[in-house]
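Next up is one chain by itself, shown in C-alpha cells, the form predicted on its own.
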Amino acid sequence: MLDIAFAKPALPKSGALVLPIAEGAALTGLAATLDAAMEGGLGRALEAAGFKGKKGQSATLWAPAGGITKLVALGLGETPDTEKLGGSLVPMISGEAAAMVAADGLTAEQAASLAMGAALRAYRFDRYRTMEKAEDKPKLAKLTIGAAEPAAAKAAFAPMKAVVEGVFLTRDLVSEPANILTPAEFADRLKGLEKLGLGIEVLGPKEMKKLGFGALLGVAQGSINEPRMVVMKWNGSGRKKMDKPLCFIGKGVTFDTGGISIKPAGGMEDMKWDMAGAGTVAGLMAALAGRKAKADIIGIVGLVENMPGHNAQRPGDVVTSASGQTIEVINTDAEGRLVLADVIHYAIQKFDPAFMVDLATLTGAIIVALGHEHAGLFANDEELAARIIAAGNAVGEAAWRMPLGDAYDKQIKSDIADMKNVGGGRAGGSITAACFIQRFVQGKPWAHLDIAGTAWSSKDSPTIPKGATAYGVRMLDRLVAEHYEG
C-alpha cells in the first residue's frame, strides 16, 4: 500500500507537488507561496495553459522552482470530489518517488478522502512479474498530504485505511490464478485474518458431508481440489453471545470450466475470478475488523472448483441440498447457485441472522441486462434493498433493483425433483437464478448481488486500476456503518 503521511503544507525540497485549485479561485496557501517564489510565474503559466480550476482539468509544469521536479495543478471544480481527485493524481505523479499534495484549502475529512482515493488507485498486482523493466514500474512510494489540520486528517483516514486494506485483500484474491488459489489455499489465507481479531472456522468435505451439503459437494466432485467452507466471525458488539448477527455470503468458485456443460475456450481464463463474491466477503470482513465495527457480523464463503473430471456431476443428476430440497441439475455451468443454496441454509440454521446478503458472479445474463455499470440487486426486503442501493451510490458502487416473482419462479419447476437449477431458456436468466436462491432463504430478510459485470474492469477509472475491482467491499462496509452499528 502506498505510504501516506499527513503534515503541515510546505514546499517540498524534492519530488512532485500537486496543487488542487478550485474553479475561478485565486492562488492561496502553498500555491501562493510558490507563485511568490516564482515571481508570479505560476499564475502566468496556468493562465497560458488555460487552466481555470474546472473539475477534471490539469496542467503540468516541469522543474518550476527549487528542488521540485514536477508540479501538477488539478481542478477541483465548484463541488470537489476529493476521492476521485486523489485517484486521478496518482498516474500523473507515478514517475516521482515522493510527492506533496497541497490540501491546505480542504477540510480534514476532505484531505482524508483524497488520501483514500490515492491509495485505492495506487494498487498494483505484480506478484508474478519477474522481468519488468525498472522504467516501466511506478516509482511513487510516499505521498504526503499537506493539510491544515494534519492530526485531524490522519484520524479521519484511519478507518478509511482499514477499508482500503480490505479492498486490497479482495483485489489480491480475485487477481490470483486458479492454479495458486485453490479452495484449500483460499481457506488458508483466510486463516490469516485471525490477526485482526476475526474468528475463523474452516470446514472440509467430511464436515460438509455430515451437514448434508449435497448441492455444494456435487459441484466440487469433478475436481481433485477439495472444497472448503470458511466461516468468519466478528463480535463487534462485545456481547458474549451473538444475537441475530448480520450475515454476508460469497460464492467462491476458484475456477469454473462449466463442468460437463463446458464453457467455450475463448475467454475461459477469466473464470479465475468466479470466486469474486467470496473475495468480496473476505475483504469486507477484514475491513470491518480493521476499523473495529461495532456490530456482530458473520461472513461465510463456499469454495469449490468446477471441473469436468471423471467423477464430475452430470446434466440430469439429482442432488439433495442441506435444506432437504432436491435439485435436478440441468446445466452444470449453473453451479454458483448450488453452492449458495447450502451455505445460505447453514447460515440460517447456525446463526439465525438479522439479514443475509449474498454476492456472486452468478450470470452472464446480468451483463446483458446492465452492462458493467451496475450490479443486479434482488431482494425480498424493501428497506434492505433501499439501504444497499444508497450505500452503493455513496461510494460509487452502483446497483440496480431487479424483479422477482412467481412467473419467473415457475420456470425452475422440475418434472422429477423439487426444482431444477436453470429456467426454461436464456430469457431472464439472472432472475430465475435469483429465484432459485430465494427458495433457500426461508423468508429471512435477504438480498442477492449479481456482480458478474462489476467484479472485474477492463479499463482504469479514477480509484480502480484495470483488473479486480473489489466491488461490494465499500458498499457493504458503508451499509453496516450507516445503519447497524451502535
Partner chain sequence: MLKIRRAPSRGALRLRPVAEGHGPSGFRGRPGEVLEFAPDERWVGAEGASSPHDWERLGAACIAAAGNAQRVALDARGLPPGCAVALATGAMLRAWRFDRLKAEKRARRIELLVEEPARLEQPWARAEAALAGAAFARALVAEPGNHLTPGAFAERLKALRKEGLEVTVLGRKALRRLGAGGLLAVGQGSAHPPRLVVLRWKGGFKAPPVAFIGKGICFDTGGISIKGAAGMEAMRADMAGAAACAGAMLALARRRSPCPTVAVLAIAENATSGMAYRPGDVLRMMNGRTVEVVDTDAEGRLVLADALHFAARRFRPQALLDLATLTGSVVTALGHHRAGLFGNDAALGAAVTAAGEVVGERLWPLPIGQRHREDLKSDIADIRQCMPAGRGPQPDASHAAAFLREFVGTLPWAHLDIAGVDTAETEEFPAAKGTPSGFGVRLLDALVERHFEDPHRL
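Predicted, not measured: the structure shown is a model, and the values here were computed from it. Numbering follows the first chain given and starts at 1.
Although not depicted, the form predicted in complex with its partner chain is the subject of the following passage.
Visitor: With the partner left out here, check for me: in the predicted bound form, does some heavy atom of A407 sit within 4.5 Å of its partner chain?
Guide: Contact with its partner chain, yes.
Visitor: Looking at the partner-bound form in the predicted bound form, is Q411 within 4.5 Å of its partner chain by any heavy atom?
Guide: Q411: yes, in contact with its partner chain in the predicted bound form.
Visitor: Just to confirm, I431 within 4.5 Å of its partner chain in the predicted bound form by heavy atoms?
Guide: I431 belongs to the contact set for its partner chain.
Visitor: Answer for E132 alone: is it within 4.5 Å of its partner chain in the predicted bound form, judged on heavy atom distances?
Guide: E132: no contact with its partner chain in the predicted bound form.
Visitor: Let me know the one among G371, G267, G238, G324 whose heavy atoms come within 4.5 Å of its partner chain in the predicted bound form, would you?
Guide: Partner contact (heavy atom, 4.5 Å) among the options: G371.
Visitor: Identify which of A391, I260, I298, A365 has a heavy atom within 4.5 Å of its partner chain in the predicted bound form; exactly one of them does.
Guide: Checked against the cut-off, the match is A365.
Visitor: Only one of these stretches, 394-402, 185-193, 249-257, 344-352, has heavy atoms within 4.5 Å of its partner chain in the predicted bound form; which one is it?
Guide: Only one stretch passes the 4.5 Å heavy-atom test: 394-402.
Visitor: Which of the residues spanning 457-483 lie within 4.5 Å of its partner chain in the predicted bound form, based on heavy atoms?
Guide: Residue within 4.5 Å: K459, and no other.
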